[in-house]
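Only one chain comes next, encoded as C-alpha coordinates, the form predicted on its own.
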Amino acid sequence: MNGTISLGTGRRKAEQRHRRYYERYLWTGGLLVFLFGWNAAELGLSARLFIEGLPHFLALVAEMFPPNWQVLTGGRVWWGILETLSMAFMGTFLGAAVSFVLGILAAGNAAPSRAVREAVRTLMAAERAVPTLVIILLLVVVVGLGPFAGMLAIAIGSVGMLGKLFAEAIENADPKPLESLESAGATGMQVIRYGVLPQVMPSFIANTLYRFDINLRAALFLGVVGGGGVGFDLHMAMSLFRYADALAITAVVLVMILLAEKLSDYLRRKIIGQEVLQ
(Lines give C-alpha, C1' and ligand atoms only; values in the text may rest on other atoms or scores of the structure.)
Protein backbone atom coordinates (compact mmCIF):
# COMPACT_ATOMS: atom_id res chain seq x y z
CA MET A 1 0.00 0.00 0.00
CA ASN A 2 2.75 2.40 0.98
CA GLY A 3 4.59 1.52 -2.20
CA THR A 4 1.52 2.33 -4.27
CA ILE A 5 1.09 5.70 -2.52
CA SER A 6 4.77 6.54 -3.00
CA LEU A 7 4.56 5.61 -6.65
CA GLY A 8 1.48 7.78 -7.15
CA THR A 9 3.09 10.70 -5.31
CA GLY A 10 6.25 10.43 -7.38
CA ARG A 11 4.22 10.31 -10.58
CA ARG A 12 2.29 13.45 -9.61
CA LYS A 13 5.51 15.27 -8.76
CA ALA A 14 7.03 14.26 -12.08
CA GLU A 15 3.91 15.45 -13.91
CA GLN A 16 4.07 18.77 -12.04
CA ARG A 17 7.72 19.20 -12.95
CA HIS A 18 6.98 18.47 -16.61
CA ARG A 19 4.06 20.88 -16.56
CA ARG A 20 6.16 23.65 -15.03
CA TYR A 21 8.90 22.89 -17.55
CA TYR A 22 6.57 23.11 -20.54
CA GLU A 23 4.79 26.19 -19.16
CA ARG A 24 8.09 28.00 -18.64
CA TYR A 25 9.32 27.26 -22.14
CA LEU A 26 5.88 27.94 -23.60
CA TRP A 27 5.87 31.44 -22.12
CA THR A 28 9.47 32.00 -23.23
CA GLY A 29 8.78 30.77 -26.75
CA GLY A 30 5.60 32.84 -26.97
CA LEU A 31 7.48 35.94 -25.85
CA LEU A 32 10.22 35.37 -28.43
CA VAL A 33 7.65 34.90 -31.20
CA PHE A 34 5.90 38.10 -30.14
CA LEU A 35 9.16 40.07 -30.05
CA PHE A 36 10.21 38.72 -33.43
CA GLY A 37 6.85 39.61 -34.98
CA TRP A 38 6.79 43.08 -33.46
CA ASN A 39 10.36 43.85 -34.56
CA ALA A 40 9.70 42.50 -38.05
CA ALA A 41 6.69 44.79 -38.38
CA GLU A 42 8.55 47.77 -36.89
CA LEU A 43 11.54 47.33 -39.20
CA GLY A 44 9.37 46.73 -42.24
CA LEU A 45 10.93 43.38 -43.10
CA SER A 46 9.86 42.40 -46.57
CA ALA A 47 11.20 39.59 -48.72
CA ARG A 48 9.47 41.19 -51.71
CA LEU A 49 11.37 44.47 -51.33
CA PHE A 50 14.64 42.58 -50.98
CA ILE A 51 14.03 40.51 -54.10
CA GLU A 52 12.92 43.56 -56.08
CA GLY A 53 16.08 45.40 -55.02
CA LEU A 54 18.48 42.67 -56.09
CA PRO A 55 18.56 43.78 -59.77
CA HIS A 56 19.64 47.27 -58.67
CA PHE A 57 22.41 45.74 -56.58
CA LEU A 58 23.57 43.57 -59.47
CA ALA A 59 23.54 46.62 -61.76
CA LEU A 60 25.70 48.49 -59.23
CA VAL A 61 28.16 45.60 -59.07
CA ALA A 62 28.30 45.48 -62.87
CA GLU A 63 29.21 49.19 -62.96
CA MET A 64 32.10 48.53 -60.57
CA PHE A 65 33.84 46.17 -62.98
CA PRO A 66 36.49 46.41 -64.12
CA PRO A 67 38.02 48.28 -61.17
CA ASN A 68 39.81 51.50 -62.02
CA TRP A 69 43.31 50.79 -60.71
CA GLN A 70 44.49 54.15 -62.04
CA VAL A 71 42.90 55.81 -59.01
CA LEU A 72 45.74 54.29 -56.98
CA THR A 73 48.48 55.97 -59.01
CA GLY A 74 47.85 59.52 -57.83
CA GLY A 75 49.04 58.93 -54.28
CA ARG A 76 45.89 60.29 -52.63
CA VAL A 77 44.51 56.84 -51.80
CA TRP A 78 47.83 55.64 -50.38
CA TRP A 79 48.04 58.77 -48.24
CA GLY A 80 44.50 58.04 -47.04
CA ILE A 81 45.53 54.49 -46.10
CA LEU A 82 48.50 55.87 -44.18
CA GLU A 83 46.17 58.28 -42.37
CA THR A 84 43.80 55.43 -41.50
CA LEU A 85 46.62 53.29 -40.12
CA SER A 86 47.96 56.27 -38.17
CA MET A 87 44.53 57.00 -36.70
CA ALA A 88 44.09 53.39 -35.60
CA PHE A 89 47.63 53.08 -34.21
CA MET A 90 47.76 56.37 -32.32
CA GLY A 91 44.17 56.05 -31.11
CA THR A 92 44.83 52.55 -29.80
CA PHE A 93 48.14 53.55 -28.21
CA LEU A 94 46.73 56.59 -26.40
CA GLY A 95 43.58 54.73 -25.41
CA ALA A 96 45.60 51.83 -24.01
CA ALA A 97 47.86 54.19 -22.06
CA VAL A 98 44.89 55.89 -20.39
CA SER A 99 43.15 52.53 -19.90
CA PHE A 100 46.26 51.17 -18.19
CA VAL A 101 46.04 53.84 -15.49
CA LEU A 102 42.27 53.56 -15.17
CA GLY A 103 42.49 49.77 -14.99
CA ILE A 104 44.78 50.00 -11.96
CA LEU A 105 42.44 52.50 -10.29
CA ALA A 106 39.41 50.31 -11.05
CA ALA A 107 40.87 46.99 -9.84
CA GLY A 108 39.74 45.86 -6.41
CA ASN A 109 43.22 44.73 -5.39
CA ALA A 110 45.07 47.82 -6.67
CA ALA A 111 42.76 50.83 -6.26
CA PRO A 112 43.73 53.26 -3.49
CA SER A 113 40.16 53.29 -2.12
CA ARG A 114 36.69 51.95 -2.79
CA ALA A 115 35.42 55.42 -3.70
CA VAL A 116 38.09 55.81 -6.38
CA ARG A 117 37.39 52.33 -7.73
CA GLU A 118 33.65 52.93 -8.03
CA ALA A 119 34.14 56.37 -9.59
CA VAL A 120 36.51 55.03 -12.24
CA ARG A 121 34.28 52.04 -12.97
CA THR A 122 31.30 54.38 -13.41
CA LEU A 123 33.32 56.62 -15.73
CA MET A 124 34.36 53.69 -17.92
CA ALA A 125 30.82 52.32 -18.01
CA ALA A 126 29.53 55.73 -19.11
CA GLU A 127 32.13 55.85 -21.89
CA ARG A 128 31.11 52.40 -23.14
CA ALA A 129 27.51 53.61 -23.34
CA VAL A 130 28.39 56.44 -25.76
CA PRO A 131 28.70 55.35 -29.42
CA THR A 132 31.88 56.30 -31.27
CA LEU A 133 29.77 58.15 -33.84
CA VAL A 134 28.49 60.53 -31.14
CA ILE A 135 32.04 61.03 -29.87
CA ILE A 136 33.42 62.07 -33.25
CA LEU A 137 30.48 64.38 -33.93
CA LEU A 138 31.31 66.19 -30.70
CA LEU A 139 35.03 66.24 -31.46
CA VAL A 140 34.46 67.64 -34.95
CA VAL A 141 32.96 70.70 -33.27
CA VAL A 142 36.04 71.02 -31.07
CA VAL A 143 38.95 70.28 -33.44
CA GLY A 144 37.25 70.31 -36.86
CA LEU A 145 37.17 67.71 -39.60
CA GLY A 146 40.16 65.49 -40.27
CA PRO A 147 42.17 62.55 -38.95
CA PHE A 148 42.93 64.28 -35.63
CA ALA A 149 39.24 64.11 -34.69
CA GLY A 150 39.12 60.48 -35.82
CA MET A 151 42.18 59.57 -33.78
CA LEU A 152 40.75 61.19 -30.64
CA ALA A 153 37.43 59.41 -31.14
CA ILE A 154 39.22 56.06 -31.42
CA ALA A 155 41.30 56.77 -28.31
CA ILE A 156 38.27 57.77 -26.24
CA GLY A 157 36.25 54.86 -27.60
CA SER A 158 38.97 52.41 -26.55
CA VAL A 159 39.21 53.53 -22.93
CA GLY A 160 36.00 52.01 -21.60
CA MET A 161 36.51 48.49 -22.91
CA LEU A 162 40.28 48.25 -22.46
CA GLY A 163 40.05 49.74 -18.98
CA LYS A 164 37.49 47.10 -18.01
CA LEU A 165 39.62 44.27 -19.42
CA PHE A 166 42.76 45.62 -17.74
CA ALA A 167 40.98 45.91 -14.37
CA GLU A 168 39.71 42.32 -14.60
CA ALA A 169 43.19 41.06 -15.50
CA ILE A 170 44.68 42.83 -12.47
CA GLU A 171 42.00 41.44 -10.17
CA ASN A 172 42.69 37.90 -11.41
CA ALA A 173 46.41 38.17 -10.71
CA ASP A 174 47.91 35.61 -8.33
CA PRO A 175 47.75 37.20 -4.85
CA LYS A 176 50.71 35.25 -3.40
CA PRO A 177 53.46 37.43 -4.95
CA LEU A 178 51.56 40.53 -3.86
CA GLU A 179 51.30 39.30 -0.29
CA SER A 180 55.02 38.45 -0.25
CA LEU A 181 55.94 41.94 -1.41
CA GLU A 182 53.63 43.57 1.12
CA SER A 183 55.06 41.47 3.94
CA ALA A 184 58.55 42.55 2.85
CA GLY A 185 57.54 46.20 3.26
CA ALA A 186 57.04 47.13 -0.40
CA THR A 187 55.01 50.24 -1.17
CA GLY A 188 51.79 50.16 -3.19
CA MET A 189 53.58 51.25 -6.37
CA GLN A 190 56.28 48.64 -5.84
CA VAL A 191 53.65 45.92 -5.42
CA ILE A 192 52.06 46.97 -8.71
CA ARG A 193 55.42 47.28 -10.47
CA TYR A 194 56.96 43.98 -9.35
CA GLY A 195 53.91 41.88 -8.41
CA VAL A 196 51.06 42.82 -10.72
CA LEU A 197 52.59 44.00 -13.99
CA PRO A 198 54.75 40.91 -14.72
CA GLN A 199 51.62 38.76 -14.46
CA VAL A 200 49.20 40.87 -16.48
CA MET A 201 51.42 42.53 -19.09
CA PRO A 202 50.96 39.75 -21.71
CA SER A 203 47.18 40.11 -21.31
CA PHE A 204 47.47 43.89 -21.64
CA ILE A 205 49.41 43.66 -24.88
CA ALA A 206 47.20 40.93 -26.36
CA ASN A 207 44.01 42.88 -25.61
CA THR A 208 45.53 46.06 -27.02
CA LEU A 209 46.40 44.27 -30.27
CA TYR A 210 42.87 42.91 -30.47
CA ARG A 211 41.51 46.41 -29.94
CA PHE A 212 43.74 47.65 -32.76
CA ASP A 213 41.94 45.26 -35.12
CA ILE A 214 38.62 46.78 -34.08
CA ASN A 215 39.91 50.35 -34.27
CA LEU A 216 41.28 49.86 -37.78
CA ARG A 217 37.78 49.06 -39.00
CA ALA A 218 36.37 51.93 -36.95
CA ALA A 219 38.86 54.31 -38.59
CA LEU A 220 37.38 53.44 -42.00
CA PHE A 221 33.89 54.24 -40.77
CA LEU A 222 34.97 57.46 -39.08
CA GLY A 223 36.43 58.65 -42.38
CA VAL A 224 32.92 58.64 -43.85
CA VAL A 225 31.65 61.06 -41.17
CA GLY A 226 34.55 63.48 -41.26
CA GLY A 227 37.43 61.60 -39.66
CA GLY A 228 39.65 61.59 -42.73
CA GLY A 229 41.62 58.68 -44.06
CA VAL A 230 40.81 56.28 -46.87
CA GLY A 231 37.24 55.97 -45.63
CA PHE A 232 36.64 59.53 -46.84
CA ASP A 233 38.04 58.66 -50.28
CA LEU A 234 35.75 55.64 -50.50
CA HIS A 235 32.76 57.71 -49.45
CA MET A 236 33.54 60.39 -52.04
CA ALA A 237 33.95 57.79 -54.81
CA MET A 238 30.53 56.32 -54.04
CA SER A 239 28.92 59.75 -53.70
CA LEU A 240 30.27 60.84 -57.11
CA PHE A 241 29.12 57.56 -58.73
CA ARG A 242 32.70 56.52 -59.46
CA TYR A 243 31.96 52.91 -58.70
CA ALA A 244 35.02 51.52 -60.50
CA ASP A 245 37.20 53.77 -58.31
CA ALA A 246 35.30 52.60 -55.23
CA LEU A 247 35.97 48.94 -56.07
CA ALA A 248 39.71 49.54 -56.48
CA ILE A 249 39.84 51.40 -53.15
CA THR A 250 37.81 48.66 -51.47
CA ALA A 251 40.20 45.98 -52.73
CA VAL A 252 43.19 47.84 -51.28
CA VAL A 253 41.34 48.37 -47.99
CA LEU A 254 40.55 44.65 -47.73
CA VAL A 255 44.20 43.75 -48.28
CA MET A 256 45.23 46.30 -45.64
CA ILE A 257 42.80 44.89 -43.07
CA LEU A 258 43.78 41.28 -43.77
CA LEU A 259 47.51 42.03 -43.46
CA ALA A 260 46.97 43.99 -40.24
CA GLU A 261 44.86 41.18 -38.82
CA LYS A 262 47.45 38.53 -39.71
CA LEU A 263 50.20 40.59 -38.08
CA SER A 264 48.09 41.16 -34.98
CA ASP A 265 47.24 37.45 -34.71
CA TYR A 266 50.91 36.54 -35.07
CA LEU A 267 51.97 38.95 -32.33
CA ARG A 268 49.19 37.74 -30.02
CA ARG A 269 50.27 34.13 -30.48
CA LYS A 270 53.86 35.06 -29.67
CA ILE A 271 52.77 36.94 -26.56
CA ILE A 272 50.48 34.17 -25.33
CA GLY A 273 53.26 31.66 -25.98
CA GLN A 274 55.65 33.68 -23.85
CA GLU A 275 53.01 33.83 -21.13
CA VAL A 276 52.65 30.05 -21.14
CA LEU A 277 56.43 29.50 -21.06
CA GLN A 278 56.73 31.74 -18.05
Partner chain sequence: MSVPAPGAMRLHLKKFRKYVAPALVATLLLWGASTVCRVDLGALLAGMPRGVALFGHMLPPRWEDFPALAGPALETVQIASVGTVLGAVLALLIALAAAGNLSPHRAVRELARGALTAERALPDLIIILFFVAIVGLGAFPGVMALAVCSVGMLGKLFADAFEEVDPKPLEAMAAVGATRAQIIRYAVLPQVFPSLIANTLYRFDVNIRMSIFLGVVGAGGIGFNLVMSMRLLRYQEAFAAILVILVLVVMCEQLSDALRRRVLGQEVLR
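Rigid core here is just the name for the largest C-alpha set that superposes within 1.5 Å across the two forms. Fair warning: this is a prediction, and the values are worked out from it, not measured in the lab. Numbering follows the first chain given and starts at 1.
What follows is about the form predicted together with the partner chain, which we do not show.
- Across the proposed site, 60, 238 and 254 without exception bring a heavy atom within 4.5 Å of the partner chain in the predicted complex.
- In the predicted complex, no heavy atom of residue 31 sits within 4.5 Å of the partner chain.
- Contact annotation: residue 141 falls within 4.5 Å of the partner chain in the predicted complex, judged by heavy atom distances.
- The partner chain in the predicted complex comes within 4.5 Å of no heavy atom belonging to residue 76.
- Contact between residue 155 and the partner chain in the predicted complex is not found at the 4.5 Å heavy atom cutoff.
- Listed stretches are 198 to 206, 175 to 183, 95 to 103, 143 to 151; the contact stretch with the partner chain in the predicted complex is 143 to 151, by a heavy atom cutoff of 4.5 Å.
- If you take 188 to 226 and check each residue for a heavy atom within 4.5 Å of the partner chain in the predicted complex, you get 217, 220, 221, 224, 225, in sequence order.
- If you fit the rigid core between this form and the one not shown, you'll see the Cα of residue 64 move by less than 2 angstroms.
- The Cα position of residue 36 differs by 2 Å or more between this form and the one not shown after fitting on the rigid core.
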